[in-house]
Structures are given as C-alpha cells and as structure tokens.
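In structure tokens, the next block holds one chain alone, the form predicted alone.
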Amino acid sequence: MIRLSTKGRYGTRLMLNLARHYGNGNDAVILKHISEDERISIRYLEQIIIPLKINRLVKSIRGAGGGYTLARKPEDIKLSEILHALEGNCCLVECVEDDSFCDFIEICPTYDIWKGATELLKGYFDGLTLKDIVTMAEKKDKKNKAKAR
C-alpha cells in the first residue's frame, strides 16, 4: 500500500492551522499552540517547520507576538507544494520521475499504469490549495457540531 508519511500528514495539519489563523490580525502562531491544537509533539513540529521554511511556505516572526505564519496567502499555496517540501517528489515508482533509473521503461508492461496513476495523484494535489482545505475542514467541523447536538 502506498502511504503518506507522518511528516507529510502532520505538516499538512500544521499548514492548515496556520491557514486558519491567516488574515486574523495577528497571523503569527507559536508552535506550542499548534502542538496543543493538533495534538502533535512540539519537538516533531520543530523538525517539520524547517523544510517548510526552506521552501518558503512559512516564515518566522520574531519578538512579541511572534511565531510562524504563512509566507503567502492560503489560496496561493498548493497541497502539492507542501507535500513536495516534506516528502520529496510525488511518484509511485522512481522511473516515472527519472527515466534513467531503469533501462526497461520502453518495454515495461506496467510503466504506463504507474505513470498515469502518478499524474492523477499529482493533479489532485496540485488542484487543492490551503484555502480549499480550510473550507473542507470548516464543513467537517459544522457537520460534527451538528451531530453532537
């Protein structure tokens, strides 16, 4: 089975948390609050934030009221960018991204299957922005609140 790592899943939740705070006056959020909200170890968040900063998806703000914020608007950050920063290239098999990986590609009976599936996955992740994910999360929150009544 193909699985996203914990780093990719938790990093997406971290970015969703920052997106939910974006545009609320003080956008900066400290990792301790994200850790509490998302129930993710602060030490793990400290590791995850590094590649997100390197890839210019988040920025740090120093001083009073400091913390982390999105480097761009939620609608300008694609899920594919987040996953690429945390997971690397999104491909099911190495030969899809690097045709020098295998000399068998031209006659491989399954190559086109893996290539097609990779393109579908990339297209899906490329079509979702953080703003879309916030909207999805808000709908889920409303649905869960309605069930709790």
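Definition used throughout: the rigid core is the maximal C-alpha set that superposes within 1.5 Å between two forms. None of the values given here were measured: they were computed from a predicted structure. Note that residue numbering begins at 1 and tracks the sequence as displayed.
Omitted here: the form predicted together with the DNA. The next part is about that form.
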{"item": "Output flag, 6, 10 and 64 jointly within 4.5 Å of the DNA in the predicted complex, heavy atom basis", "value": "yes"}
{"item": "Contacting member of 96, 31, 83, 70, with respect to the DNA in the predicted complex [4.5 Å, heavy atom]", "value": "31"}
{"item": "Heavy atom within 4.5 Å of the DNA in the predicted complex - the one residue of 89, 47, 55, 118 that qualifies", "value": "47"}
{"item": "Residue 110 within 4.5 Å of the DNA in the predicted complex, heavy atoms", "value": "no"}
{"item": "Contact label in the predicted complex: residue 41 to the DNA, heavy atom within 4.5 Å", "value": "yes"}
{"item": "Threshold 2 Å Cα movement between this form and the one not shown for residue 121, core superposed", "value": "no"}
{"item": "Flag for residue 102, CA shift 2 Å or larger between this form and the one not shown after aligning core", "value": "yes"}
{"item": "Did residue 91 shift 2 Å or more between this form and the one not shown, C-alpha, core superposed", "value": "no"}
